[in-house]
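Single chain ahead, by itself, as structure tokens, in the form predicted alone.
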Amino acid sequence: MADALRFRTDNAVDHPAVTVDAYLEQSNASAVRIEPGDDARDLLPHLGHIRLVEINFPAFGDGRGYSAARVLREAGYTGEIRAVGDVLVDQIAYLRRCGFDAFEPDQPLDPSDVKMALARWPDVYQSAADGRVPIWSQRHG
């Protein structure tokens, strides 16, 4: 795996994440890993105790992780949500909009490509988990 890219100022969790099932059985870990097919809503009662949620993307075309991040952010989770696995630079801006604030891709991402990807669309049209103000709201208050 490549080095993690974080958009947070707090300290990174330095221990491995446990699976959702393992967390629900013992619930004393502070890092959980969501795999495709896991239901992020199972973690909602425990969000106050979790510092890191890793969401695995085994293939770039599997979009279930976007929904998992959005569910967690809409439920008020403020901890780190990290995309891991087959994460491509083309996805970074969309993942950020859904609430991801850290990335640990299988292959390293070029920092200048990441910067360009995040700057490509300075205005947005819908509300999302990233809190950016939609352009229609800027125009019409």
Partner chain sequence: MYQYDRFDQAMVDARVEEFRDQCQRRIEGKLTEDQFKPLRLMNGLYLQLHAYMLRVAIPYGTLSGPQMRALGDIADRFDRKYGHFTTRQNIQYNWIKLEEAPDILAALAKVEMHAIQTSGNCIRNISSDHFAGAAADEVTDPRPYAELLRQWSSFHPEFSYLPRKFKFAVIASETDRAAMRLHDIGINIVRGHNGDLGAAVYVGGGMGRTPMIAPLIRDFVPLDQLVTYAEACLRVYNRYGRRDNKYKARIKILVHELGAEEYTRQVEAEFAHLLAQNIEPPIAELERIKAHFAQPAFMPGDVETSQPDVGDGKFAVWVDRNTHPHKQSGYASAVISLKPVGGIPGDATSDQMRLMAALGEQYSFNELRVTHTQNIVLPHVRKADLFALWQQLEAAGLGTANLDQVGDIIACPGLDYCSLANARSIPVAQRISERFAANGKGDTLGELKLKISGCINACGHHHAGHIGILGVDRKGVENYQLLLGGSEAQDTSLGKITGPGFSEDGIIDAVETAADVYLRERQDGERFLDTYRRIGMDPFKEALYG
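Residue numbers count along the first chain shown, from 1. Here the structure is a predicted model, which means the values were calculated and not measured.
What comes next is about the form predicted together with the partner chain, which does not appear here.
> Can you tell me which of 77 to 85, 26 to 34, 97 to 105, 45 to 53 lies within 4.5 Å of the partner chain in the predicted bound form, counting heavy atoms only?
Comparing against the partner chain in the predicted bound form, the contact stretch is 97 to 105.
> Would Asp123 sit within 4.5 Å of the partner chain in the predicted bound form, counting heavy atoms only?
Yes.
> Although the partner chain is absent from this view, report whether Gly63 comes within 4.5 Å of it in the predicted bound form, heavy atoms only.
Gly63: contacts the partner chain in the predicted bound form.
> Quick one: is Lys115 in contact with the partner chain in the predicted bound form, heavy atoms, 4.5 Å cut-off?
Flag for Lys115 set to no.
> Spell out, yes or no, whether the shortest heavy atom distance between Val18 and the partner chain in the predicted bound form is within 4.5 Å.
Val18: no contact with the partner chain in the predicted bound form.
> Which of the residues spanning 64 to 91 lie within 4.5 Å of the partner chain in the predicted bound form, based on heavy atoms?
Contacting residues: Arg64, Tyr66, Ser67, Arg70, Val71, Glu74, Leu88, Val89, Asp90, Gln91.
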